[in-house]
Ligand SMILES: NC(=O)c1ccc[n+]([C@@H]2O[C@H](COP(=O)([O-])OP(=O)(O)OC[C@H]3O[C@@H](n4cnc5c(N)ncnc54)[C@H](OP(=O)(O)O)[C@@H]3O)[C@@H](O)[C@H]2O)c1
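The chain that follows stands alone, in the form predicted on its own, written as structure tokens.
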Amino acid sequence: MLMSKTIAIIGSGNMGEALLGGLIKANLTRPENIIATDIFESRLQTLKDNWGVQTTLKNNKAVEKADIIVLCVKPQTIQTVLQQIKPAVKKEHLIISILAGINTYTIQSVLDKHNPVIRAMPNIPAVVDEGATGICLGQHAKKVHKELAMQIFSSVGMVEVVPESLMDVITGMSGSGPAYIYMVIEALTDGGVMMGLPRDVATRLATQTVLGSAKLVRETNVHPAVLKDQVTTPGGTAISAIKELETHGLRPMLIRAVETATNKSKQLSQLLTEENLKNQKARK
């Protein structure tokens, strides 16, 4: 389905490059079918050299040539970007947004058009094709649009389709989740160093421990609590360490981290909605 489409990647930072690279590596489209935009000419030259894609500094020019528009800019700039591309957006354009906290209604409202809009929240492991992405369909999106979006994000990992009411939760859990796991890896490494391991050895072991544990959950589909019990022998080292983690509240801290990030995502959406309503009143 994607091979016959031209895709505009609006904002080609880490995530934008991960998506275009995933599509090309998976042979879902050809490099010449992708148009990447950025504010830096040097960045675009790197993308052109590395992937062979089309590039432009002008977002509206990319949109004019595209069938699918993928918005990968910072949430704080979305008003400006949508106003830039608005004159070039046609009713048949599929618009996909990966912006945290920006709902489909807001995008439709700013563009003032009835385009199919899909909201997605990938995470940074998409860079190594191990991303976790949640997507939801906007008011005018149909099954065919969902399938196109799933093809795009499946090229860089796994995809879950959810109602839009759950997208802020996905942002707070898997979208922001890599930051929590990096902190776990860093803390495990520091623990190993404190107890005498060389830092490079501790880093490799901590990283592989997290990677292997996650892979075991995914491939066995066994509940993490069951797997945890399998490595906690009576009077052993693991159960002693778990007692320490529970005493200091590791579990509730991670739960609260997801809650806090989810609420922040909701705040971003509310702020942009309020700003959009204010701009609409000003234009009237």
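What you see is a predicted model; the values in this text were computed from it and never measured. The first residue of the sequence shown is number 1, and the count goes up from there.
Quick note: we don't show the form predicted together with this ligand, though the next part is all about it.
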Site check Ile7, Pro31 and Ser155: each within 4.5 Å of this ligand in the model of the complex by heavy atom: no
Location of this ligand contact in the model of the complex, chosen stretch of 158-166, 144-152, 119-127, 187-195 [non-hydrogen atom, 4.5 Å]: 119-127
Non-hydrogen atom contact Ile39 with this ligand in the model of the complex at 4.5 angstroms: yes
Contact label in the model of the complex: Ser12 to this ligand, heavy atom within 4.5 Å: yes
Thr77: touches this ligand in the model of the complex, heavy atom cutoff 4.5 angstroms: yes
Partner proximity in the model of the complex: Ala100 to this ligand, non-hydrogen atom cutoff 4.5 Å: yes
One residue of Ala88, Val110, Val81, Ala206 in contact with this ligand, assessed in the model of the complex (non-hydrogen atom, 4.5 angstroms): Val81
